[in-house]
Ligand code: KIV
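The chain below stands alone, shown as structure tokens; this is the form predicted alone.
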Amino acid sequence: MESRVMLTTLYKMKEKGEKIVVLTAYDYPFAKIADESGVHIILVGDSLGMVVQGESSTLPVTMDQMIYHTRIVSRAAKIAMIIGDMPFMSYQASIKQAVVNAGRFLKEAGAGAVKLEGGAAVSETIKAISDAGIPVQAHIGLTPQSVHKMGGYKVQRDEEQLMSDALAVQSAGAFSVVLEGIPSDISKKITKALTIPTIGIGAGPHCDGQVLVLHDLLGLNQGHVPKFVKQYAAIGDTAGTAIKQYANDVQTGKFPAKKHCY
């Protein structure tokens, strides 16, 4: 049996130029599949607000909801590192509250680390959480929790600010940083400048690893598909076809057949 992915595992992968595979998951069945399929990190993202709960943004997601989903994902994964995403207003109000909430992910939900959004502005919070013995993954560039401040989901192109944020979160003790919605050439420079791994989403191929939302990858979401997403399956279409067939079989008396009866 392979050993659990640890921080040292990720550092060694960056040193060797081995790509880190990250995927979101929000429940036991998909977390188990991801873990058994060679994913290094499973992120229990607050993206569940949009892809699971049907919200228009990640903002309504609560701490209790994140703890619930992270707990069931942790139960499924035996090898992958589990990172719990700190939802909106779980760390912004005070550093003390941030440390307490981060601790809940490890103590109650079985996560190995937490993720929070922001660069230099949250460096003190990252340091406090990290000093408490809780590994922190930072997240800069397009930060969905700041969608209203940013004026929408826009690519972030301020290279000086992005580099400053990346160096600040590294200095604060972050073990990794997600780069979202950043031009490829800027992500490449950031990745070279940092000693900690970078995980890209819509940030090009030069990051130390990549993350996608599970439902995007599998084609479970309907509607707009972001440019950075590659759909590896069309499970939504397959499921729809299966359910229509089931409905037809029930209505026409084909199901249950004799073989389905006791």
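Residue positions are given as counts along the sequence shown, with the first one as 1. Here the structure is a predicted model, which is why all the values come from computation and not from measurement.
Missing here is the form predicted in complex with 3-methyl-2-oxobutanoic acid; even so, the following discussion is about that form.
Peer 1: Given that the partner is absent here, state which listed stretch (189-197, 229-237, 33-41, 208-216) has heavy atoms within 4.5 Å of 3-methyl-2-oxobutanoic acid in the model of the complex.
Peer 2: Of the stretches listed, the one contacting the partner is 208-216.
Peer 1: Mind checking whether each of Lys115, Val178 and Ile201 has a heavy atom within 4.5 Å of 3-methyl-2-oxobutanoic acid in the model of the complex?
Peer 2: Each of the three qualifies.
Peer 1: Hey, in the model of the complex, does Asp85 get a heavy atom within 4.5 angstroms of 3-methyl-2-oxobutanoic acid?
Peer 2: Answer yes; at least one heavy atom of Asp85 falls within 4.5 Å of 3-methyl-2-oxobutanoic acid in the model of the complex.
Peer 1: Counting only heavy atoms, which residues in 32-48 are within 4.5 Å of 3-methyl-2-oxobutanoic acid in the model of the complex?
Peer 2: Going through 32-48 in order - heavy atoms within 4.5 Å of 3-methyl-2-oxobutanoic acid in the model of the complex - the hits are Leu43, Gly45, Asp46, Ser47.
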